[in-house]
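Given as structure tokens, the chain that follows is alone and in the form predicted on its own.
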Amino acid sequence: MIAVVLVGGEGTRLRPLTLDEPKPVLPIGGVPFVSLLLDRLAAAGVTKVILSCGYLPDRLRAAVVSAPAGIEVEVVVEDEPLGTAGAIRFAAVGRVDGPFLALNGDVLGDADFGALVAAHHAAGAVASIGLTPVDDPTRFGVVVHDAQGNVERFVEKPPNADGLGPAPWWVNAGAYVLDPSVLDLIPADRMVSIEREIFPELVGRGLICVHSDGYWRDIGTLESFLTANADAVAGRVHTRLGGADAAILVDGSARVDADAVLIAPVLIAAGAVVGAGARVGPDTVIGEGATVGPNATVQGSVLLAGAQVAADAHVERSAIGRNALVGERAHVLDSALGTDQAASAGEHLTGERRPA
């Protein structure tokens, strides 16, 4: 089984974190997101993964050097944006000769890709769409289908649930199985959306959908990135971290002062330092080599590798970029610092994005 993963976006909603790091390389629980995705693909029996990208490909290549055993990873680079269908065609033509997985590369989840593949084969489908349930259909494209799973129509961000039946409503989860014949429907000379152009063309021609109740979260905004980290540490999504609601995960090489307070769920990565009187957690990840100074508070936040929070500072619901600094007595709330950036001593940031 081959999987094509779309990782070409610039992650603009996550800036400044993505100014020098592609979104799939940002850490979830201290692990590059793309590594967690490769874990899932390996568990589903995938043997080759093609990453279709166009943004900072060298950073992506470096992140997948240690792929799971038995998986070959190839990175292909788009010269220009091709849209979701165009990117799939670009990566798959000449590389696949049978049904293959195609995935959006910015969704943290634990749905069984193998079950989606099995349903595709059992139905003799041309294309299969994995669905996830939502309680509010107005923010998504709803997939309407019959009792056998045959897709009947798509309703894009409806103003209300009229005519859509009872909750929950089922939306595209960004995971597909496609027959190679689908590639012939995708023009090669322009941007093409698989959701808006190709799938509607396949209604009534072998397009099915498969329900999954597993965890699902798009990590494309600061809020969702922070929530994904918290959920991974708390074990709300199944990952190699093996987290739990009461998890206090401290790497053996980290140094946590005896007078520091860790509030679960929390993860302290390799080489991190937490000073005396500091309070860290809940829902917090302190990245590799990061530092939390004496009497500082960090909660609901993610510190990337090498980030520093100085003494008496307060960080809440924020992301602090690689080697960035939160100065003494500074307050950072609902904000993000880019790589090497700083909040000065005593400065107060609320809802700000400080670029690298």
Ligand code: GDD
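Every value quoted in this text rests on a predicted model; they were computed, and no experiment measured them. Heads up, when I say rigid core I mean the largest set of C-alphas that superpose within 1.5 Å between the two forms. Residue indices: 1-based, along the sequence shown.
This protein has a second form, the form predicted in complex with this ligand, left out of what is shown; the following refers to that one.
task: Verify the contact flag for Glu78: yes if a non-hydrogen atom of it lies within 4.5 Å of a non-hydrogen atom of this ligand in the predicted bound form, no if not.
output: Yes, contact at 4.5 Å.
- prompt: Is there a heavy atom of Asp259 no more than 4.5 Å from a heavy atom of this ligand in the predicted bound form?
  reply: Contact check for Asp259: no, nothing within 4.5 Å of this ligand in the predicted bound form.
field: Any non-hydrogen atom of Ala87 within 4.5 angstroms of this ligand in the predicted bound form
entry: Ala87: contacts this ligand in the predicted bound form.
query: Applying a 4.5 Å heavy atom distance criterion, does Phe140 contact this ligand in the predicted bound form?
result: Residue-level check for Phe140: yes, a contact with this ligand.
query: this ligand isn't shown here, but in the predicted bound form which of Asp251, Glu72, Glu223, Asp218 has a heavy atom within 4.5 Å of it?
result: Of the candidates Asp251, Glu72, Glu223, Asp218, Asp218 is the one lying within 4.5 Å of this ligand in the predicted bound form.
query: Just one of Gly149, Pro282, Gly83, Gly275 has a heavy atom within 4.5 angstroms of this ligand in the predicted bound form, so which one?
result: It is Gly83.
- prompt: Does this ligand come within 4.5 Å of a heavy atom in each of Ser52, Asp106 and Glu156 in the predicted bound form?
  reply: Looking in the predicted bound form, the three residues Ser52, Asp106 and Glu156 all sit within 4.5 Å of this ligand (heavy atoms).
Stretch in contact, per heavy atom within 4.5 angstroms of this ligand in the predicted bound form, of 115 to 123, 267 to 275, 238 to 246, 172 to 180: Contact-bearing stretch, as computed: 172 to 180.
field: Residues within stretch 12 to 38 having a non-hydrogen atom within 4.5 Å of this ligand in the predicted bound form
entry: Counting only heavy atoms within 4.5 Å of this ligand in the predicted bound form, the contacting residues of 12 to 38 are Arg13, Lys23.
- request: Once the core is aligned, please say if the CA of Phe90 is shifted by at least 2 angstroms between the shown form and the other one.
  value: No: Phe90 shifts by under 2 Å between the shown form and the other one.
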